[in-house]
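Let's start with one chain on its own, the form predicted on its own, as C-alpha cells.
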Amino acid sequence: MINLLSRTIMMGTPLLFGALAEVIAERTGMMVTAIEGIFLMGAWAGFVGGYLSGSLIVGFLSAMLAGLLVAGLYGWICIYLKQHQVVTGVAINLLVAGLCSFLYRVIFGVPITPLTVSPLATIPIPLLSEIPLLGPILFNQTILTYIIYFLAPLSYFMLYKTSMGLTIRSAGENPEAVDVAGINVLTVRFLTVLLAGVMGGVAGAFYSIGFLGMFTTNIIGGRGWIAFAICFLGNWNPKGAVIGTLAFGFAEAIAIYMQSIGNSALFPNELFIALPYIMTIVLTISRKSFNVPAKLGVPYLKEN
C-alpha cells in the first residue's frame, strides 16, 4: 500500500503541473484546449534535448521552451486574432501530433530509441523520509514532486491573496473592470497562457525523460485532457486541483500495479488502463454545478 500511495504521488505530479496551469489560465478566461499538444510537444522536445545533450536539465529546458512556443501560437491565434478557443486548440493538438511523429522519424528513424541518460531518480529527504508511513510516501520522490509541493500552495496564495491574483480572476469575470483600471486584459491572458505552456511542457517531459526514458507518439495518451478535466472538476481552484490529481494519480497507480502483476481473467489489464478515463466521465456526469468563470472562452473586444 505504501508503494501504491507513493506511486500515486509520482503519477499525479505531471497532472498537477498541467491542472494548476489550466486553473490559472482559465481564471483569465482562456480555455487552453491545446494542453494535450503542449504535453506531447514537451515530451518530444524533452526527449530530444535529453538524448542529444545527455542531460536531463537540458531536456526539461527544451520541453519548457517547446511548450512555450505551442502555447504562444495558441494564445496569439485566440487572444489577438479572436479565433475560437476550442477549434484552435483541437487544430493545434492535431498539428503537434503529426509534427512530433514526423520529426521523431527524421531524427531517430522508426525504431524506439532509448534515452542516453537515466530518467529522474527519487531523492529521499533526510529524516523526513524516515517518518513512518508518510515518509516513504511523501518524501521519497523526484525533484519535480518536491517542486509541485511548493507550486500548489503558492498558486492558491497568488490567486486569492495577492493583487496579481485579483487581476487574473477579474480578467475572467469582468475584463472591462480590469481594462478601466489601466491593465491590458490581452496581456494578462497571454502571459497566463504562456505560463500554461511552460508548466505543460514540464509535465510532458516527465513522461518521456522523467519516467519512461523514451518517446512514442502516444506517450501522453490523453493525460493532457485529464489535467484539463481536473481543472473543471476542481472548480477552478488549486485546492480542488490537488484533490482531483490525487484521485486520478491513484487510478493510474492502480493501472500500473495491475499491469505489473500480470493478466487477470476476471479484470483484464485494459480495464485498469482505461480507469482514469472512466473516472473522468463518471465524475463529470456526477458533478451537479460548476463555478465557471463568467468570460471563459469569450474573446475580449475592447471596442465593446
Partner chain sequence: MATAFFELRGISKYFAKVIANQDVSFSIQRGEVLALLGENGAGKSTIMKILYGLYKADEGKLLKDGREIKIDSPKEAMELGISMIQQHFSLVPAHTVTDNIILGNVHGIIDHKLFREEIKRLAELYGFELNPDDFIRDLAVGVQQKVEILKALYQKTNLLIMDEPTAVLTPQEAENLMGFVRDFTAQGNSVIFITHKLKEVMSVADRIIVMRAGRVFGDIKRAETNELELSKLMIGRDLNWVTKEDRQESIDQEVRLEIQQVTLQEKTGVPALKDISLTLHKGEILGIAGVSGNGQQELCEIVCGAILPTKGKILLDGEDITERKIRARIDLGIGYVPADRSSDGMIMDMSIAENMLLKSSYAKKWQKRGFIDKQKLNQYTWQEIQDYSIKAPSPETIARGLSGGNQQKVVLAREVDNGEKVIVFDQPTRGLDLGAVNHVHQVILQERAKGKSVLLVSTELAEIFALSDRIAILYKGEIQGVFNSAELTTEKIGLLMAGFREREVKSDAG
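Fair warning: this is a prediction, and the values are worked out from it, not measured in the lab. Numbering follows the first chain given and starts at 1.
FYI, the form predicted in complex with the partner chain isn't displayed, but the following is about it.
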- Query: in the model of the complex, which of the stretches 170-178, 98-106, 76-84, 209-217 has residues with heavy atoms within 4.5 Å of the partner chain?
  - Reply: 170-178
- Task: May I ask you to state whether T162 is within 4.5 Å of the partner chain in the model of the complex, using heavy atom distances?
- Result: yes
- Task: Find out whether any non-hydrogen atom of F157 is located within 4.5 angstroms of the partner chain in the model of the complex, and reply yes or no.
- Result: yes
- Item | Touches the partner chain in the model of the complex: I183 (any heavy atom, 4.5 Å) | yes
- Message: If we define contact as a non-hydrogen atom of the residue within 4.5 angstroms of the partner, is L166 a contact of the partner chain in the model of the complex?
- Response: yes
